[in-house]
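Shown below, as structure tokens, is a lone chain in the form predicted alone; questions about how it binds or moves come after it.
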């Protein structure tokens, strides 16, 4: 068996890579990469295998790192990753998405950049920050960050972004103009008569169902939602979950009805696993019903959480599911979430988990 699976980890002290063959039984860890810069998101372009890492802070500045040899060597660039003079400087890069020959980057303070030369240089997508709602955008607990980037698989002009806490926005013209897409999403932290504004929702994670571009799933600060019309409207799918609060969401690589979540015990109750017992929750019917999967996960003293970009699936058969915790552990399931094992520990705080599957 010559299949290869790589788990790409963004942490507070650099990028790490876990590698295994298609059996996914034994894992080899490499890192820290990227000179131990804080890395918010590490992704791979499945078309080329190139790995990109997004991060930085007030000390280093923002940058996107790139490796074309599976993490052995890295270069980085921040050329063009800046707002106009007089604006609050870009602090860090929070999210990446590669597709249609372009590389997109979401930053803090919230904004969007794009590269047409593999991350060597960047251009500001000014249309998003020109939106009339921009003066009302407020930072969430993690800052005013653009953390979710979803590309349409067939139409290079369509992009969705999630901003905490401004909501979901969508462009149909490559970024020149944007429309808010938050209809039906609650803001429980606002007065009763103001809980469904046009913008201001605290989206935590936005993902697209495989093979169904109009179906989006959203984990929000105030509930879990599904859209079947490309984000125009949303309906709650949180019934049956132990909490309406959590951070990550991950879709199955082939089944558009299957989704994975990690609900926490609440936004003001510690933000750890409910009853300190770890579980990944799974639906197979678009959120109508949910089941908790716990075998192999800690069932006492689990006072950790899983951050917004720290859960992913791979493209193997059966699909693998992976979570990284803020206590530096990585748990893996190679049977679509039925059972779990710990495959790494004692790492820095894990900000993101993504995968690269190479089928022979």
Partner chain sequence: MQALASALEVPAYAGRPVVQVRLPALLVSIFPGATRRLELQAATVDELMDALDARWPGMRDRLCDSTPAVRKHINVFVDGVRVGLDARLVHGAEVYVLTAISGG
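This one's a predicted model, so the numbers in the text were calculated from it and none came from an experiment. Numbering follows the first chain given and starts at 1.
There is another form of this protein, the form predicted in complex with the partner chain, and it is not shown here; the text below is about that form.
Just one listed stretch, out of 146 to 154, 243 to 251, 102 to 110, 86 to 94, contacts the partner chain in the predicted bound form at the 4.5 Å heavy atom level, and that stretch is 86 to 94.
Against the partner chain in the predicted bound form, the set 255, 286 and 320 makes no contact: no member has a heavy atom within 4.5 Å. Interface membership of residue 65, defined by any non-hydrogen atom within 4.5 Å of the partner chain in the predicted bound form, is confirmed. Contact check for residue 304: every heavy atom lies farther than 4.5 Å from the partner chain in the predicted bound form. Taking non-hydrogen atoms only, residue 291 never approaches the partner chain to within 4.5 angstroms in the predicted bound form. Using a 4.5 angstroms limit between non-hydrogen atoms, residue 78 touches the partner chain in the predicted bound form. Proximity to the partner chain in the predicted bound form, defined as a heavy atom within 4.5 Å, singles out one entry of 61, 328, 31, 296, which is 61.
Counting a residue when any of its non-hydrogen atoms is within 4.5 Å of the partner chain in the predicted bound form, the hits in 23 to 41 run 35, 37.
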